[in-house]
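Given next, in structure tokens, is a single chain: the form predicted alone.
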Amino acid sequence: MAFKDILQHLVQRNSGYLELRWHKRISNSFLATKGRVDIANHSVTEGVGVRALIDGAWGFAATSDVSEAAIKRAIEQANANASLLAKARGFRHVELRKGKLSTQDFIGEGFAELQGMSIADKLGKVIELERNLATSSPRIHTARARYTEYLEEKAIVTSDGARCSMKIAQPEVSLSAIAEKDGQRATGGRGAGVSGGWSCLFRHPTLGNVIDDIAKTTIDLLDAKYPEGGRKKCILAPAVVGLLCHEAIGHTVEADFVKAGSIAAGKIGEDVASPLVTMADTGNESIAGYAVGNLPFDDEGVETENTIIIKDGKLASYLHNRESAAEFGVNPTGNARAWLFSDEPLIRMRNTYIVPGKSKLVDMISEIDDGYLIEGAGSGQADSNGEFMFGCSHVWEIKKGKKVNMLREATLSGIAFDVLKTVDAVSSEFQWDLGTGHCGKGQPAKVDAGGPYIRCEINIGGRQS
């Protein structure tokens, strides 16, 4: 009997609201440096998470024993936990909006391909990538290649109608290099992740000419100067646009953060960006392919959709789970996600992006007299007010409509909605470019972000050379 059928049988025997989620994950991760694999990790996790709702209180329990008897015990524990909490704090009304509860059995592209490949073949490719990068120039001091894959299987059944299953693959690869000259060092790197198989991953546009691009950029940075600080007219590359969308805006429109008082609270229908800006979060990418955050349904069994967050400059929607959707009087958006079977679903992003426009990058550059093209998105931070500070490994100086010099180690800062209000051009070129690593919000999540090139005014910081 399939797990979905077992869960369906158990749900039918429960009197209140019940949500059962079986999850099995196989993960493999390799790190190659100096011509060998330094780290090789393999893990398998499997179990069932149970949520019960009684008198407005949630109870949760989980078990790594997937026998029917163990799942029954977890159900009893979740119900007991919910009852205890309801008694402790008193009754409160909780409504769950159904939205479109999934009944599909989904098998994602590339799952069988990745599952059928040998570990040796994957290790060989990782070692080859590292070796090619390490030998691409005498200036390359150290090279690293990291590969990670997740093979996910889930079945979700709820007492009010969800009955779905999925198999998806999420591989990713990232390369980095350190170049050295006269005691001076510079670092560079690129990576990509997809919802798909091995072939899909290595067709990702970010990985085109990746060895030569990393080597050249890293070596050029050895002689690069630092940018001049101040408020500048800048063009943000897709990875930087994705970073801004995810970190500085996306989190502020997650409904749990909205309820806690984020800058987006109460602003539905208000102007928060230039009319040229439309921003969305989707579980079914359909613009450029190769996004890692694709999901057929979320961890409450709600089918995912393309949620328009900002439409023509006006705030249009928050990101919801079933409970927050009922509170706000809207439909759930399919953003409830849990990392492991032992985690409760949280409101999380999937693939967050700005919709492409009509301008061309070359024209956007030609219209700048003094500014920067911002590339090399790095790490950063943002708060609930949308205030952010991001690091970038490199930028291009633009003078009189031409890219002239690569500069190193810039920082970007500002308030996200204020920056978006200055956007005066959005390119037709588009790319997903943040598909490696994880988003953190109490628990990890695989997400992606990207967009077109956008031209705006932003605070840029550097230092004197």
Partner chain sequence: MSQTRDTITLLSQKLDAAARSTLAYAKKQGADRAKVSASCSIEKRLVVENKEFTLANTLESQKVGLGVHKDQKKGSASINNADERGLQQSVDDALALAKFSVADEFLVMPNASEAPKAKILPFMWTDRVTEISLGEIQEFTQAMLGRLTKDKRVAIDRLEVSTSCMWHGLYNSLGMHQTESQTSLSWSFMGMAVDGKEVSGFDYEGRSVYSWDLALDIAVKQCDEFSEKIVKNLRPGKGPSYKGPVLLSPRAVEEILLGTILYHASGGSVMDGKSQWGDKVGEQVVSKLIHISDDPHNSRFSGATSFDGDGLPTAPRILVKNGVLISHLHDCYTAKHCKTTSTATSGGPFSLVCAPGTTDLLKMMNARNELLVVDRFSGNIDPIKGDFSGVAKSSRLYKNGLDHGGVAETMIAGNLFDTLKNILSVSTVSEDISGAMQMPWMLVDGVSVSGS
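As the structure is a prediction and not an experimental result, all values here were calculated from the model. Residue numbers count along the first chain shown, from 1.
Just so it is clear, the following notes concern the form predicted in complex with its partner chain, a form of the same protein that is not shown.
**Student:** Spell out, yes or no, whether the shortest heavy atom distance between residue 35 and its partner chain in the model of the complex is within 4.5 Å.
**Tutor:** Because a heavy atom of residue 35 falls inside 4.5 Å of its partner chain in the model of the complex, the answer is yes.
**Student:** Can you tell me if residue 383 lies within 4.5 angstroms of its partner chain in the model of the complex, counting non-hydrogen atoms only?
**Tutor:** Yes.
**Student:** Taking heavy atoms only, is residue 72 within 4.5 angstroms of its partner chain in the model of the complex?
**Tutor:** No, residue 72 is distant from the partner.
**Student:** According to a 4.5 angstroms non-hydrogen atom cut-off, is residue 100 in contact with its partner chain in the model of the complex?
**Tutor:** Residue 100: no, not in contact with its partner chain in the model of the complex.
**Student:** Note which of 341, 318, 297, 147 lies within 4.5 Å of its partner chain in the model of the complex, where distance is taken over heavy atoms; exactly one does.
**Tutor:** It is 341 that has a heavy atom within 4.5 Å of the partner.
**Student:** From the list 262, 159, 132, 284, which entry has a heavy atom within 4.5 Å of its partner chain in the model of the complex?
**Tutor:** None of the other options qualify; the answer is 262.
**Student:** Considering its partner chain in the model of the complex, find the one stretch among 304-312, 132-140, 180-188, 199-207 with heavy atoms no farther than 4.5 Å from it.
**Tutor:** Selected range: 180-188.
**Student:** Within 4.5 Å of its partner chain in the model of the complex, which residues of 202-235 have a heavy atom? Give them in sequence order, or say none.
**Tutor:** Only 226 sits within 4.5 Å of the partner.
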